[in-house]
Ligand SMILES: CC(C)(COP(=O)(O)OP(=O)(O)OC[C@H]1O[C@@H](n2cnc3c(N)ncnc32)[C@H](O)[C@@H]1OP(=O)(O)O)[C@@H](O)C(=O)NCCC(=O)NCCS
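Here's a solo chain for you in structure tokens, the form predicted alone.
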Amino acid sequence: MSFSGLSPADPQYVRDLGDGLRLRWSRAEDAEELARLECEVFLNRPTEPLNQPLAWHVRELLSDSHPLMGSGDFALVEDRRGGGNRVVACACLWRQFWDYEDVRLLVGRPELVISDPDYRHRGLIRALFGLLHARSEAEGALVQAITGIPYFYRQFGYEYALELDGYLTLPVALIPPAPDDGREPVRLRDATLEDLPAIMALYEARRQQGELAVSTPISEKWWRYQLTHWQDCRTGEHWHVQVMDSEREDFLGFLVMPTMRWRSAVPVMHCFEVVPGVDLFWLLPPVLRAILARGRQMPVRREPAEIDHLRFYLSTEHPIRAALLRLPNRYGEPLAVRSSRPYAWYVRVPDLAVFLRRVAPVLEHRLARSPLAGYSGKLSLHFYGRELLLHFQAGQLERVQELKPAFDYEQADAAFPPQAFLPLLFGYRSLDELSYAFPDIEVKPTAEMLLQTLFPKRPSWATPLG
């Protein structure tokens, strides 16, 4: 049975997919069936034991206490043949915010996307994404984003458009030794609610440094949830926030570790923030030793092995990353820290015209600080099937118009393959870099300077929550 009169975003929406399969939104009572599917299928190899931490994570997400979603935010497909309601595919919708410079955007995040191997290649994931996108857009999200496996999500309108933390690997054998007297100048301790104002202030100060194209604001609700739940975590998904202090200073900064480690690595995730004025080359050696000590106390999520390295997931521009690459060993030479290439966020913008109107204050600010201050004119952007016309008057973006039908691309100021514009929009790639990579990007000389001004390449710090 289908409730054809309901929006796919509606909690009561149901659609018959044929062959006994039904698409719908979750309810609290689906927790065990969803946990079963996720822990049985979300494995690196079929021979691995069940992923029980993930099952606990699903139960937590459906408890109506999690900051990112509620019990009705899994889209699922169930097989009703034989009188059962076996879930064979599912994905959930998380929410967080990004700041596009100083314009705040609600972001919908499809996560935990999975299907039973026996039900693949039937379009079930596409059907699930139809529900997730409908609900996200109905809630006012102008962007959807995923931290997913390579290539797959391009099929659903996503493109790599923001840096996602790469990592540095430091072998534990290279960690500088402790002082002869054993007294460490810097220690790690568990963060408490009393530390929350200092943690939030330091995180916000770091976000305001530099000119970030996109960054993640983190609410007090999120910090409080992590500080009050990590000790009871059975999933490995919580943030274990730890404060750096010394005999003289109660708060030198903070860092985030997960509550479980994987295999032989001890990870530090996303945040490693230090108060201004602290010598990083003095601070890092004792903190590295403290991280290793913490790692030895952590439970192992899967495939336990002896710890042989620390791994720091930090943005390319992060000062700790730069310091680690230059930290001297006992002989005064840089430690042999290995650096990975950063991965990237998949990003989807369902209505580019609406998005550009929303971020108009940012575009106008960029114009005002450039040689094109006070610009008046039109900019036509062709996407090989649709076209947008941006109207500027005295440096203000007065109107964004979608032209139907689109004119020939040769008449436009610039032409982009549809998703190739997103890395430019989010500052991930420059116009020159994209033009080199995509021969079907065509830009008239008169439009180059305007596009480079409106959409410059900029670093971002889009921290994934969860």
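Note that the coordinates shown come from a computational prediction; the quantities given were computed from them, not determined experimentally. Counting begins at 1, following the sequence as shown.
Not on display, but discussed next: the form predicted together with the ligand.
Undergrad: Taking 67, 97 and 203 as a possible spot, do all three reach the ligand in the predicted bound form with a heavy atom inside 4.5 Å?
TA: The answer is no; none of 67, 97 and 203 reaches the ligand.
Undergrad: Whether residue 121 contacts the ligand in the predicted bound form should be assessed with a 4.5 Å heavy atom distance threshold; does it?
TA: Looking in the predicted bound form, residue contacts with the ligand include residue 121, since a heavy atom lies within 4.5 Å.
Undergrad: Report whether the minimum heavy atom distance between residue 353 and the ligand in the predicted bound form is within 4.5 Å.
TA: Outside the cut-off, so no.
Undergrad: I'd like to know if residue 152 sits close to the ligand in the predicted bound form, meaning any non-hydrogen atom pair within 4.5 angstroms.
TA: Result yes; residue 152 sits at the interface with the ligand in the predicted bound form.
Undergrad: Consider residue 115 of the chain shown here, and say whether it contacts the ligand in the predicted bound form, taking contact as heavy atoms within 4.5 Å.
TA: Residue-level check for residue 115: yes, a contact with the ligand.
Undergrad: Quick check on this chain: which one of 126, 221, 104, 338 has a heavy atom within 4.5 Å of the ligand in the predicted bound form?
TA: Exactly one listed residue reaches within 4.5 Å, namely 126.
Undergrad: Have a look at 156, 230, 251, 383 for me and say which one sits with a heavy atom within 4.5 Å of the ligand in the predicted bound form.
TA: Only one listed residue qualifies here, and that residue is 156.
Undergrad: So which stretch, 142-150, 387-395, 356-364, 203-211, is the one near the ligand in the predicted bound form (non-hydrogen atoms, 4.5 Å)?
TA: Contact criterion met by 142-150 only.
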